[in-house]
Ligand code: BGC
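Next up: a single chain in structure tokens, the form predicted alone.
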């Protein structure tokens, strides 16, 4: 009996040792795998680093590329498109003006009433309409007849129109597709994007197509300006503040435009404007430089995109892509560790994590990061997320967002450097900062990434201060605008009214 008891005790002890060994082994293995997660995070942080020295290199590269794009067609990744807009709204405009915005599967008609007092848009009325799917692939006549009919119905709601003389109906047209501008009110369609594919329109004047449709519908409305949404944002910014010299859109996509001296546009020598200036549409989403801190995730995202080797800057800083960069990092972490126990197949779906959800995780201030857990559960179907995994996800969001905001800031300073508003005297200036009297400089900015994502805007301002130095940065004001593609375009119609 004694021997049996001893034998049982030994067996139990051996089993306990074996269990303990398994538990310890699992813990060691888990720690090893967790170290991989930490290693992936550290690698991401190093690859995304944007010290002020590197940002200044991006500033210089942006200014040089701008100069090259103004010197010759195809001389730079930046297209530096002429807009022929040289007369921005100044607050003295009076009357009622219209805007029409065609940018995707919907279009908008908008009316504004101006009384000649700066910063006072008396009233704006907006109507949105979906574009029937069949019209996106039909003919230009059918598409623009539909838009003209909608505008006619919109105008009819004004009543008899006795307070708005027919001769004063002027329209600004925001057309968010690639166009070669021929004048302030005309432009040739280069190609369709999004879901549109109307073959007989490519190579034709977009404004003329609309003007003809308006005539067919018996409308005495003149297309006074054809612009893109970034130019509309600059117009709206300038209407409210005459020190506005540039505009940035940073939302789903990103672009910039600014006021350039006409004599600096070398590729159009002999071009004259009354103001001696012109708004240049940079198409800065296509900017590229070896100084941009690119990671393996950026390379993979670009290779798998519909437009590889294109829009490189946009893919690093805009809302369309930030969420997917985060998804790619978390996928790698989960594959190399037991961060979430199992790798959810949802992690492999491109763009499943939209940037607004990424921002919500990044800005989760709850003690247990419950918003992070909720979003990971809803988007990726992960039932239980350990606290340390939640913290890692927030950190990944932070690294990706901070890089984007700081690069956007460097892009803005690049524009200011090109026009001599960064305190250095400009790209060809030889003056020192102390020799240069810094003028008040306003940059209009529009888009949810800046206006709705507080950490993004904080990081952008932080970088502006670092690059420019506080003495110069205090003269640079970033002003949020709303609806440049609508109100701004109507204001341009007022500026160019006959």
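Numbering follows the first chain given and starts at 1. Not measured: the values here are computed from a predicted model.
The form predicted in complex with ligand BGC exists for this protein as well; it is not shown, and the discussion that follows is about that form.
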Please classify the binding site as open or blocked after superposing ligand BGC from its position in the model of the complex; blocked means at least 3 ligand atoms come within 2.4 Å of backbone or C-beta atoms of this form.
-> open
Answer yes or no: in the model of the complex, does ligand BGC come within 4.5 Å of a heavy atom in every one of 178, 229 and 311?
-> yes
Quick one: which of 350-358, 334-342, 188-196, 366-374 gets within 4.5 Å of ligand BGC in the model of the complex, going by heavy atoms?
-> 188-196
Please run the contact check for residue 244 against ligand BGC in the model of the complex: heavy atoms, 4.5 angstroms, yes or no?
-> no
Wondering, does residue 253 line up within 4.5 Å of ligand BGC in the model of the complex on heavy atoms?
-> yes
Could you tell me if residue 283 has a non-hydrogen atom within 4.5 Å of ligand BGC in the model of the complex?
-> yes
So, in the model of the complex, is residue 393 in contact with ligand BGC at a 4.5 angstroms heavy atom limit?
-> no
The listed residue (100, 249, 78, 407) that reaches within 4.5 Å of ligand BGC in the model of the complex by any heavy atom is 249
